[in-house]
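As a starting point, one isolated chain is supplied in structure tokens, in the form predicted on its own.
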């Protein structure tokens, strides 16, 4: 009960902190919205090329990738937040109280998952206005939000580990961007794998972003849904989460001790 109570308290605390500085929400949504509104319009004729999924507009194809782009961009804020708590002395103050140690991380992670879910819902609403539709209905929508939040949670582990290790918000953002943005463009987020050079296709086939994007896309496009693809994607994301959270817990224990 202590773990749940403390996690809830720190979750609410992080939400209040976020609402007091809504500019963070705006700028984390700014880039995905630009991609959604301008990028999909700029390349709207891409679906006319041979090899593009038949009967699918570029907006329908790229929306899944834009959702995942928002997830890992928002995940970078986890590391910067833990650095802020370290440098301000807030984390040290919590450590001298009776607060549950795992709740410190769980409160942060649940806040991040909630923020990514809300942002994803906003992006989907805007995409709906532009003509995007989810063919699997309400259940598909809920599963999409779950996959995106789960992916953001797994990616937060990288950001938190960097923050705990470097204790520098600039380093977290720099290394995080260096790791994530090349992976975005070497995935199926924005173009089909057949449009890539051979070496990039090899990277895309093992790229976690491709797995998550394909799962979201299969839920939104007609006649693409497959339970085996969804389960494979969730298992792959879970494997990443185990690794990233394991590293984060190890570094957090070092900070606590």
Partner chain sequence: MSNTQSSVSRPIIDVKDLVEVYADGTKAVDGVSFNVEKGEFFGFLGPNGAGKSTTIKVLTTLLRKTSGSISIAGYDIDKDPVAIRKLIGVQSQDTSVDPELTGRENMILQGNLQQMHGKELKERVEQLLEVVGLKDAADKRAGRYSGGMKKRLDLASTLVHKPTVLFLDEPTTGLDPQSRATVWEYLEGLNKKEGITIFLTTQYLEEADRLCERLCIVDSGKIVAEGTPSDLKREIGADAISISMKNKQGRSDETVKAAAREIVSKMPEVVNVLDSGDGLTIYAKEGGYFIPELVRAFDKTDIALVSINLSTPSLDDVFLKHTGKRIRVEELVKDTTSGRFGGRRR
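Positions refer to the first chain, counted from 1. None of these values were measured; they are calculated from a predicted model.
Below, we refer to the form predicted together with its partner chain, which is not included among the displayed structures.
Student: The chain here is shown without its partner chain. Which stretch in 148-156, 84-92, 170-178, 116-124 comes within 4.5 angstroms of it in the predicted bound form, by heavy atom distance?
Tutor: Looking at the other structure, the answer is 84-92.
Student: So, in the predicted bound form, is residue 96 in contact with its partner chain at a 4.5 angstroms heavy atom limit?
Tutor: Result yes; residue 96 sits at the interface with its partner chain in the predicted bound form.
Student: Indicate whether its partner chain has at least one heavy atom within 4.5 Å of a heavy atom of residue 236 in the predicted bound form.
Tutor: It does not: once its partner chain is placed as it appears in the predicted bound form, residue 236 has no heavy atom within 4.5 Å of it.
Student: Would you please decide whether residue 165 lies within 4.5 angstroms of its partner chain in the predicted bound form, comparing each non-hydrogen atom pair?
Tutor: Residue 165: no, not in contact with its partner chain in the predicted bound form.
Student: Taking heavy atoms and a 4.5 Å cut-off, does residue 133 contact its partner chain in the predicted bound form?
Tutor: So residue 133 does not count as contacting its partner chain.
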